[in-house]
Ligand SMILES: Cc1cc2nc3c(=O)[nH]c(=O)nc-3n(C[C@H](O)[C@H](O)[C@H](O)COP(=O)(O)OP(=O)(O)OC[C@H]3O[C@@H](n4cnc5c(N)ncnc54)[C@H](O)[C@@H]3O)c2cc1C
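Below you'll find only one chain, the form predicted on its own, shown as structure tokens.
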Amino acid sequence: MEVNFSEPRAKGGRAPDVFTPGGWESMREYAQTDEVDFLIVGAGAGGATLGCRLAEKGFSIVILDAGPFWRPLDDFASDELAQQILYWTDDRIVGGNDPISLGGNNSGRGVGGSTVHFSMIALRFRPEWFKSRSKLDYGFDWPISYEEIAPYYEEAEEALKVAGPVNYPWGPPRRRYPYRPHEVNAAGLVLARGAEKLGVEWAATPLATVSAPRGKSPPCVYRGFCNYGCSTNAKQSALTVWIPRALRAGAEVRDLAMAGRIEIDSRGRVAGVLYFREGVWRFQRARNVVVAGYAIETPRLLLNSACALFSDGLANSSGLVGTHLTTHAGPGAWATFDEEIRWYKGPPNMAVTEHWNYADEGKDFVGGYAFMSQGPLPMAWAQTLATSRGLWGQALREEMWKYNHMAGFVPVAETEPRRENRVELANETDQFGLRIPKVLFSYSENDKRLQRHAVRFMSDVLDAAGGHDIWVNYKDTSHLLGTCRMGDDPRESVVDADGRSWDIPNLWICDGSLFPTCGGVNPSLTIQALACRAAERISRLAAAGEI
């Protein structure tokens, strides 16, 4: 497969129709001299959702994304290696005691962002996590409550047509999921069998891939390539859900448009964004700018936009831009089974237990974790064996013969938000002449205790399910969050509860960098719920003349 990274697809009054091979749909275009209501940097879970909802409310919207405008039916191959193009693999420097591996698990480059290759897991935060300092004595309180975000969780679940069980065991009472749950595969039934023997609840994982036809999306056919781009459009990503709606509502999407700098006028307000497209730097005027580049690119852009008025970077009077980076630790537990499992069949995470997200007794740590059944494809599994166990050559080949008999679990394990874990600017520059990010991360002692607990418990579940030759690994992570946290106090946060900068009233943030704490579930549903809420709040503020 060959993708042209130098020729944008969305231009000339049209954008790719993601549901038609080679097809197009009309797109409104704005002149760069037009002062649009909102210029959004990033077309992932936060930016695409917010752009869609604001356009539907009548605002003029331009969305920039550094990557291509994907055509899933044309571009996505059943090829683990070729599909690495979906990840953000530009130069970055990592450091700290536990450097985070950057790439497939935690980034996306292109319209739709990382939702193009996410696992589709659509879980809500535990309600108490929104007030974790007050109610659970760790981390930070969010400036909003679960009750405030619950309607927007429902809005996002409905938009994504999440397929989940009628009675999900955890969390407060809620409306049923829009689509019926997917049939759990053999790898998921291993989790179910082990959990039931230990007296722990489990459930079919709520997934944003349709279990029945939805418009031009066919039901999932369980190819198993979900983490490498869904070539059938069963997956309900930002690319297939929010972007088409945004275009229909009048938004413009500019692909292959790398934002380099947010410009500030003499009043100290945002004037627009300087971005690189088609070989030249361009400038788009805007009344408001929303940064939605996720936990690395968002602080990077704010810091790279330092100017005479804001010498430490934009929105950074608190000194917190880039700090309190969190990730989800992902140690694994694996076992061999006598029967065939064939864990590659179906979405990779079809069963889940959130037991340790909701149980507060019997822990030697604060925080929580969920864990899910796994379905790595052959190349990914060989990489795990090579990097975790040092297997190579004949030893690796022999271990790979067990592939169809393997099962295992990986948690989404919470880590503590700590100031020393951060994104800062390195002195080195990239192909655009922009300073690249330096990402520093170290686990706390609590993080390590949590992971040890997780691997012990997951191993017990595998053993109870009949697995043997159980082994564990500790190296993986997923999801990057924090770095521009929201809050009630300008001294202790970067933005307010709406994602609005304390320092610059027409500068906003809408992505996972807002999270004060990261919880023990995948973040994309919460990011989209926050974006839906932000759109509603912005609309009300505009109506009140406060924007």
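We number the residues from 1 along the sequence you see. Note that the coordinates shown come from a computational prediction; the quantities given were computed from them, not determined experimentally.
The form predicted together with this ligand exists for this protein as well; it is not shown, and the discussion that follows is about that form.
Student: At the 4.5 Å heavy atom threshold, is Asn522 in contact with this ligand in the predicted complex?
Tutor: Yes, contact at 4.5 Å.
Student: Taking any heavy atom pair closer than or equal to 4.5 Å as contact, tell me whether Glu297 reaches this ligand in the predicted complex.
Tutor: Output for Glu297 is yes: heavy atoms within 4.5 Å of this ligand.
Student: Check Arg126 for me: does it contact this ligand in the predicted complex (non-hydrogen atoms, 4.5 angstroms)?
Tutor: No, Arg126 stays farther than 4.5 Å from this ligand in the predicted complex.
Student: Using heavy atoms and a 4.5 Å limit, would one call Ala259 a contact residue for this ligand in the predicted complex?
Tutor: Ala259 belongs to the contact set for this ligand.
Student: Quick check on this chain: which one of Ala156, Met120, Ala246, Ala413 has a heavy atom within 4.5 Å of this ligand in the predicted complex?
Tutor: Spelling it out, the residue with a heavy atom inside the cut-off is Met120.
Student: Which of Pro437, Gly408, Gly188, Gly293 has a heavy atom within 4.5 Å of this ligand in the predicted complex?
Tutor: In short, Gly293.
Student: With the partner removed from view, which of 53-61, 34-42, 500-508, 487-495 is the stretch that lies within 4.5 Å of this ligand in the predicted complex, judged by heavy atom distances?
Tutor: Contact-bearing stretch, as computed: 34-42.
Student: Which residues within 62-85 place at least one heavy atom within 4.5 Å of this ligand in the predicted complex?
Tutor: The stretch touches the partner through Leu64, Asp65, Ala66, Gly67.
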